[in-house]
Ligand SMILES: NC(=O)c1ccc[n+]([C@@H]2O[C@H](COP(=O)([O-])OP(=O)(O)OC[C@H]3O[C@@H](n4cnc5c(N)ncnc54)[C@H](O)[C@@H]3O)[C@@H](O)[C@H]2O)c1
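Have a look below at one chain only, the form predicted on its own, in structure tokens format.
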Amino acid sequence: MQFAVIGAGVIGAGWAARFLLMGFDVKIFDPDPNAQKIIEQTLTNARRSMPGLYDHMLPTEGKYCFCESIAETVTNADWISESSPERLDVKHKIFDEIQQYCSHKAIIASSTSGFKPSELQDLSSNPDQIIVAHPFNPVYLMPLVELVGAIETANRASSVISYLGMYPLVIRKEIDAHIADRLLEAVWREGLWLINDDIATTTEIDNAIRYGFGLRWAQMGMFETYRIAGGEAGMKHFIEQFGPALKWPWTKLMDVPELSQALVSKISDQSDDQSGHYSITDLEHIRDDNLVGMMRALKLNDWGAGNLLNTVDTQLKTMDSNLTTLLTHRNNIQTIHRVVPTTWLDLNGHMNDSHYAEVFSQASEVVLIRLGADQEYVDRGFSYFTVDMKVDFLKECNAGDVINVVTDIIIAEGKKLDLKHEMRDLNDNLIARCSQFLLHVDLELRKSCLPAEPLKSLLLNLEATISN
């Protein structure tokens, strides 16, 4: 597919980064002289963090170019992301120009957080072509995209969004601000009142969210969380127990404090006290590292955003021919090709020693799977256990570094499997080496035993190769 981005601010640049890192070329139009700088800074952040979400390499990064006009940008484009300022008159003018030059079948996806599709489509020559595709910042990490518009176009857009590793939420009925921002608006409005009435500061409100319900919402959302709060009786009991409290005058959702200069200054000063000692780049890195860490943690339970990441990893694994090639030799077996995630760093800023062992264990797992000791084999009651492992650390590696592991099978005899791994960087410099000795085990008896078929026959062939 050919992607186009109209408007290269924070959101437009985020879209461009997502497209590029998923292997697609992008044409960009933005007359702002700072647009190139924003794109490069966003790409730098995305290259540092996005590949760390996955345990397999992303596709080869696409190429981008800036165009001199909207016409040049959208010609032959299949997907056109519009991320211009939230002014309807500006968007109408842009859509009119886009539709003069783009394909009739192209998807024109507006990043608008507030306007409805019907408002965007007003006066359009091909209204069903224009939909809302509302992402969340940073677009290269946050999975949710709210899709609103003609169902046929929204469904086509949904397939594209899924392929990009994101989560498409198709909204059946259009409404101002869609779904997510309406929920955020309610919390934001109440937060303004708490500051206005000197009940809480920006720091205290943020702490209430990030140390409290924000953690629950990150993995279960609101209704599933409240279902648990209802105990075994479930949601019905929760509503019956706590529903009456909704009539109490706790919140001021239908009213907004006057955004006087005094209130604006109060909020601004509190925000400066809270995080003014960090640069915006520092805060972006902290945000991205936290998001990667939380979503990688959710991968372990295949839950929420973690389920989405596992789905993408499965796709990336299928694309990686090294991991799907049958094992027919014992030397220089390509086992790992991936990026170091930010969650693997220690206090010194480089990869923690425990993750070297993790990478080598993953390399062993690749060898075992190719040998036939896969999940089905484990389900039959057999596997390999590591009984000895030694790692030599030769060179440090950092977040975003690409690492490759090759593995040699030294011994494949009876119960024994002896492996040697080498980890190298993109310049083929040796980073670390590892020797790993494994024994074949009967999982029910928890004792070593001889391998079963088809592993047994393949190992005999490897033994013959090693002997020669």
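What you see is a predicted model; the values in this text were computed from it and never measured. Residue numbers run from 1 along the displayed sequence.
The protein also exists as the form predicted together with this ligand; that form is not presented, and the subsequent description refers to it.
For R296, no non-hydrogen atom is located within 4.5 Å of this ligand in the predicted bound form, even though that partner is not displayed. Put simply, L460 is far from this ligand in the predicted bound form: not one heavy atom of it is within 4.5 Å. Within 4.5 Å of some heavy atom of this ligand in the predicted bound form lies at least one heavy atom of I11. Proximity of E86 to this ligand in the predicted bound form falls within the 4.5 Å heavy atom cutoff.
Of the candidate stretches 418-426, 29-37, 395-403, 51-59, only 29-37 has residues with heavy atoms within 4.5 Å of this ligand in the predicted bound form. A heavy atom within 4.5 Å of this ligand in the predicted bound form is found for exactly one of T73, T335, Q129, T112: T112.
With the partner removed from view, the residue among R156, K91, H285, K116 that has a non-hydrogen atom within 4.5 Å of this ligand in the predicted bound form turns out to be K91. Taking a 4.5 Å heavy atom cutoff to this ligand in the predicted bound form, the contacting residues in 119-135 are H134, P135.
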